[in-house]
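Only one chain is given next, in structure tokens, and it is the form predicted on its own.
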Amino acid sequence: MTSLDPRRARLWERLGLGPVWTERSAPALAPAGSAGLPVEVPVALDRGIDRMGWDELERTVAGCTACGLCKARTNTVFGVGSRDSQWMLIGEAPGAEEDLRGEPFVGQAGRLLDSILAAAGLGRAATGASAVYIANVVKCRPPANRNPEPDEVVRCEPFLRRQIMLLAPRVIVVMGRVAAQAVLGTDASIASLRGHAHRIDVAGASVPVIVTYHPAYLLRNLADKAKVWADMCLAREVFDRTQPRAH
């Protein structure tokens, strides 16, 4: 079993989330303070985020000013899909269209994601075992669609962690490097993280995490769509082996 750096471990403990491990070939975690791996415990926890329900959490996100991204946003982008879903998909940050509409994955990358989900028998508007819930690591759009900065990720992290706890999904699919590194607490590459069922503890239960490429990446690298399909097939296999949790 691998461990997080001490500050991140304290954050996870306060949120009811446990350590990360993988079923095989665990990537090495970066040492504390490494580039791309934020370690400071965010002040946002003092607002009781770890005790909020869905509606209060969404209102808190809408009013958040914890980092500079709030200054240029049109809307916060909380998440979309059934809050009873057993599938959770996590992206990186909103883009221009997402910022305008307040919903994740509504641009060209979102349409590609919807096609991938439909092929897997899933959908953001679906119900039951076919329903998915989609969120981002960062809830506000970074300027010019750049990647979120480490400080922005860590200040938004308690919101995502609480979403994971409230949803209690059977499987999490993380899309893109920023999402994978934030959820798994590592600076390992997408290539090394793909193909394995990683796991995190969520309120005492083990939740599998599958890593795949971001749909925006696929728009520039269509040849890798087959890899994403393989990742979704792995997610389906893991999902089918996992018992649902009581909410």
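Predicted model, so just to flag it, every value in this text is computed and none were measured. A residue's number is simply how far along the shown sequence it sits, counting from 1.
Although it is not shown, the form predicted together with a small molecule is what the next lines describe.
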Within 4.5 Å of the small molecule in the predicted bound form, do Gly95, Phe105 and Asn136 each have at least one heavy atom?
yes
Counting only non-hydrogen atoms, which stretch in 149-157, 125-133, 67-75, 95-103 is within 4.5 Å of the small molecule in the predicted bound form?
95-103
Can Gly91 be called a contact residue for the small molecule in the predicted bound form at 4.5 Å between heavy atoms?
yes
Any non-hydrogen atom of His214 within 4.5 angstroms of the small molecule in the predicted bound form
yes
